[in-house]
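As a starting point, one isolated chain is supplied in structure tokens, in the form predicted on its own.
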Amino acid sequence: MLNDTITHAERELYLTLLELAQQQPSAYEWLTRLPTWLNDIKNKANYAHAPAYQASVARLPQLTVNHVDLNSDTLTIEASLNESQRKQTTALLKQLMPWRKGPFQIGGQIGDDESGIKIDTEWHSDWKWQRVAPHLSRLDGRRVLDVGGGSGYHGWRMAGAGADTVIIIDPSCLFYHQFMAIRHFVGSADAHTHNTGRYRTHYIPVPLEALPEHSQLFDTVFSMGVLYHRQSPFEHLQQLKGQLVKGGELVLETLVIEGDANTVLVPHDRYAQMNNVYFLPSVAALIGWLEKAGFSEVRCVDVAVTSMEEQRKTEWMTYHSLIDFLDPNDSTKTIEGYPAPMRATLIAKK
């Protein structure tokens, strides 16, 4: 029997935006665009794999879920899995590979990998969250936008940290359906208990530039791992600012290099085998960019060199990973000879 997880999640998104529009009229424009956004991601003409991804989600079995922990490093859905359900669920989730952001566990207890299905993703996204979370303004009761949210791991963690509404955006058809697979098992565990019973965590499969400009709907906006993919970084910063309420908080995480306020690396061709990397500023330059874009109280809260333990091949992501992108004789350099990936997190106010 097929489940209606995607239909139900999309209805919850519609009702959440409708509720929001009654307080914030700018959300009405989101509502008018929503049918197009949701239809486009399922259109086989746009995404050849869309029907197969939908079928994988729809065939996931109904489990008796005992507890969902959105606040543990491995997002854990405690449930009883018999052997048949375990095999079926594993096979369906593997049809949604590669899994890049996580980790997730379905079945078993927290810390018990044996009886559950552990989706060991390419990225230890929990490590990034551990670096970022201590520096955030409290998320309790806030509306949050997660730009380029991938499978939704960080969005779930934002809900686990108390956010009132989380909207994840990412134009990837695969990541949208990965989110829906996890949503299937999370069910109503993230719902508001105090008033409407609405889901708190939602996913819209679009890039930032598709959103209505100057919506000013969100108290906190996250852009993690996006800026270096933008040909116009200032345009990206302005688009982020347009989604924030006055006084709202931007959390920006991106690749950086060592240097002073005038140092910016523009890779000639590829950077760490990625052909869509355009600008890698120093932290000082990035602070200047944010100030020039009109943000205030800009501060760098973390700088970390990406390790081969944090980003690596796994059973759930079998393609090339960081080890293949670095110089085999000198891990401080990429295969092209640039400085190895180093990521900084900055926080700023609108």
Ligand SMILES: C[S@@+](CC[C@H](N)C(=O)[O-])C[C@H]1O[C@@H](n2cnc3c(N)ncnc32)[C@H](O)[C@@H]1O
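Note that the coordinates shown come from a computational prediction; the quantities given were computed from them, not determined experimentally. All residue numbers are counted from 1 along the displayed sequence.
Just so you know, the form predicted together with this ligand exists too; it's not on screen, but the next bit is about it.
**Student:** Would residue 149 count as touching this ligand in the model of the complex under a 4.5 Å heavy atom rule?
**Tutor:** Within the cut-off, so yes.
**Student:** Answer for residue 200 alone: is it within 4.5 Å of this ligand in the model of the complex, judged on heavy atom distances?
**Tutor:** The answer is no: residue 200 has no heavy atom within 4.5 Å of this ligand.
**Student:** Is residue 160 a contact residue for this ligand in the model of the complex, using a 4.5 Å heavy atom cut-off?
**Tutor:** Because no heavy atom of residue 160 falls inside 4.5 Å of this ligand in the model of the complex, the answer is no.
**Student:** Do residue 128 and this ligand come within 4.5 Å of each other in the model of the complex, heavy atoms counted?
**Tutor:** Although this ligand is absent here, residue 128 would touch it in the model of the complex, with heavy atoms inside 4.5 Å.
**Student:** Using heavy atoms only and a 4.5 Å cut-off, determine which of 96, 180, 139, 226 is in contact with this ligand in the model of the complex.
**Tutor:** None of the other options qualify; the answer is 226.
**Student:** In the model of the complex, which of the listed residues (207, 267, 212, 259) lies with a heavy atom within 4.5 Å of this ligand?
**Tutor:** By the 4.5 Å heavy-atom cutoff, the listed residue in contact is 207.
**Student:** Using a 4.5 Å heavy atom cut-off, indicate which stretch of 168-176, 259-267, 182-190, 88-96 touches this ligand in the model of the complex.
**Tutor:** Result of the contact check: 168-176.
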